[in-house]
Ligand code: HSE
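Below you'll find only one chain, the form predicted on its own, shown as structure tokens.
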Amino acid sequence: MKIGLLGFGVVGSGVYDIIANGTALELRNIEVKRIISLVVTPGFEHLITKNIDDIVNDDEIELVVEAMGGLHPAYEFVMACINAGKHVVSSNKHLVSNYFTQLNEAAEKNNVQFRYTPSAGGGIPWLSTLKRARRSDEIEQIWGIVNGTTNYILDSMVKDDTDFSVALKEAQRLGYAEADPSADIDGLDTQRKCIISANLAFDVVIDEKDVPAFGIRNITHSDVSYFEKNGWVCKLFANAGRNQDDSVYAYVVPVLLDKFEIEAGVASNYNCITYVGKYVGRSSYIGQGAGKLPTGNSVVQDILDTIFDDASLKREYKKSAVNNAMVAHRYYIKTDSATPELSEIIEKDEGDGRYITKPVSIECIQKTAEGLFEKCPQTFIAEIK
């Protein structure tokens, strides 16, 4: 099979290296024919083009890997390839979470496959596992660490006894965090992976605007010290599941875990993702959630699945509102502000602007947070698991 690559950065080059250098029998009949890239990498001049038509109009190219990132022109390029009868594999969680319905419907209409396993979990076979699990089981909940950048920062703040800004700079130096880390530290990357996972697990389509995301931007060294004294470890979680009325909840929030929980021991930039099935119970997966070769390998697995599983099962995804009113937890809130909404839900005042709430719904805490952030942008909120 001849394929095209849209993007030749970290993921795109990882895909090329695995295909070009892999010794597995299954890889021998895959060839990268064209690469879309704005930068011409020495040694790849014969493959690189800046014109998407060179891929769309090439009948020999049967499958396209989208590793550009962002929404545009990635969406337009992918749709053009699908409408030209080409299979597509994407690692772009922003694209998949925003255009889930459009891309899947276009693929079905054109009788091609649209695969996106690398968009959540990186090198962990997370989405492929969900696909397999839901064939015979009923998935009830999913949760866990799906962003290696934030996990590295939170882990470093404990191990190195350092503040957030120092841990972030080190993450940037190591290449774990971008120059603008907002998508990671504000929970947006985790939010998109949560949406993709929930869509797949529960056969729904949910919107980003309905999924609240609390990040770790405002966590401080004093917060971490307080957590340690109470036997807690803080991790940023994606959370989704079915409510008793069969509606779906979904949200992103820092979670305070007992130090003996599995996720509490997940170090550095590793991920740990869990689903709970009606029959199988809890099943957890730990591994590299990002990176050139881990994510590149996940892309190649999707390519191979496309080759060997052309008759993939078609599923119907229904548009679904998010109902976050039925799931309740206690929350840790640190703020210099006080609002009437906050005073109504406080169970314990810990002093120094720290509060423990009564069990309240994520919908309630979201409304409370809106007032707190408006008065005190440095407010930090974490769920107590």
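None of these values were measured; they are calculated from a predicted model. Superpose the two forms; the largest set of C-alphas matching within 1.5 Å is the rigid core. Don't overthink the numbering: it's just position in the shown sequence, from 1.
FYI, the form predicted in complex with this ligand isn't displayed, but the following is about it.
Asks: Would Lys93, Thr149 and Glu178 all count as contacting this ligand in the predicted bound form, using a 4.5 Å heavy atom cut-off?
Replies: Yes, the whole candidate spot contacts this ligand.
Asks: Check each of Gly289, Gly296, Pro254, Gly187 and return the one that places a heavy atom within 4.5 angstroms of this ligand in the predicted bound form.
Replies: If I apply the 4.5 Å criterion carefully, the residue I get is Gly289.
Asks: So in the predicted bound form, does Lys235 come within 4.5 Å of this ligand, heavy atom to heavy atom?
Replies: Flag for Lys235 set to no.
Asks: Quick check on Arg192: any heavy atom within 4.5 Å of this ligand in the predicted bound form?
Replies: No, Arg192 sits far enough from this ligand in the predicted bound form that none of its heavy atoms falls within 4.5 Å.
Asks: Which single stretch, out of 242-250, 178-186, 197-205, 272-280, brings residue heavy atoms within 4.5 Å of this ligand in the predicted bound form?
Replies: Result of the contact check: 178-186.
Asks: Take the rigid core as the frame of reference and indicate whether the C-alpha of Val300 shifts by 2 Å or more between this form and the one not shown.
Replies: No, Val300 moves less than 2 Å.
Asks: So with the core overlaid, does the Cα of Ile139 end up 2 Å or more away between this form and the one not shown?
Replies: After core superposition, the C-alpha of Ile139 moves less than 2 Å between this form and the one not shown.
Asks: Once the core is aligned, please say if the CA of Val211 is shifted by at least 2 angstroms between this form and the one not shown.
Replies: The answer is no; the displacement is under 2 Å.
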